[in-house]
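Just the one chain here, the form predicted on its own, laid out as structure tokens.
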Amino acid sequence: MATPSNYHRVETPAHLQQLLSADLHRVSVLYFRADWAEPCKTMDNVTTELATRWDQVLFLSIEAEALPDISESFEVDAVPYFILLRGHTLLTRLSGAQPAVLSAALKSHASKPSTLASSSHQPVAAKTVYQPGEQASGAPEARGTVAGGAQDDDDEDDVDEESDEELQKRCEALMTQSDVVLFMKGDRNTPRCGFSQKIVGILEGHKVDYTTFDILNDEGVRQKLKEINEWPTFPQLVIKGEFVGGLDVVKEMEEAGELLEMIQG
């Protein structure tokens, strides 16, 4: 099937912003995907077909791992994942390969007239606009926010009595608690995102002895590790105290035979 003219592969955060800003009245479907995720193969065909049927809707395919800044901004922690916007305003979130649900969401939102102001220079309600680099907030399925919630999170962190130096030392201790440490969403028995689940599968497949840390239970560690390792997303794999990378790096190392060499060396 030929790619419809309203279907685009997003290359950079700036490219996404450009596409979304072109028409603030238009409904957009942000489709977060990854080649390794089997359900995405189904949804690739589904989104292409839907784009053909809904030619007034903008469909944007986003490689979740290759564009971590965008994924993190929208709090995407699994694939396939869909976010429907009108302009920059969040309409709804959908997780998983659910063609019927996605189709119903389009019927619900794409046929409705825009409630945005006619000029992009007019004010938009707080916490409803996506801005690159800001963290998203809002519960799945909610007509909540796409960005702007990060400041509230920072305010909450202010009540934490742990100093930055203490947090630094605690993170360093966590990174060296065993030879292999996986900082992930959830734990090895119940991964809470597809990326974490994939790394767990790699480690389990090679019978690696490793420790996990659920970053969802400790916001301080979650944010500090991004700074220490200069890596914006999770999971993060640490071997013998040295940060290795996320899923894409781990997969490349496994395929090259370097992962086990580093663990066993």
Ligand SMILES: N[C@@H](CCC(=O)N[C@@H](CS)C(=O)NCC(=O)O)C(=O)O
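Computed from a predicted model, the values in this text were never measured in an experiment. In this text, residue numbers run from 1 along the sequence as written.
Absent from the display: the form predicted together with this ligand. The rest refers to it.
This chain appears without its partner; in the predicted bound form, the one residue of 193, 171, 102, 85 with a heavy atom within 4.5 Å of this ligand is 193.
Of the listed positions (59, 32, 213, 234), a single one reaches within 4.5 angstroms of this ligand by any non-hydrogen atom in the predicted bound form, namely 234. In plain terms, the part of the chain that comes close to this ligand in the predicted bound form, with a heavy atom within 4.5 Å, is 225-233 out of 38-46, 22-30, 225-233, 200-208. At a distance threshold of 4.5 angstroms between non-hydrogen atoms, residue 248 is in contact with this ligand in the predicted bound form. Of the heavy atoms in residue 185, some are within 4.5 Å of this ligand in the predicted bound form.
Put simply, residue 247 and residue 37 spread apart in the predicted bound form: their C-alpha atoms are 3 Å or more farther than in the form shown.
The Cα-Cα distance between residue 15 and residue 249 is lengthened by 3 Å or more in the predicted bound form relative to the form shown here.
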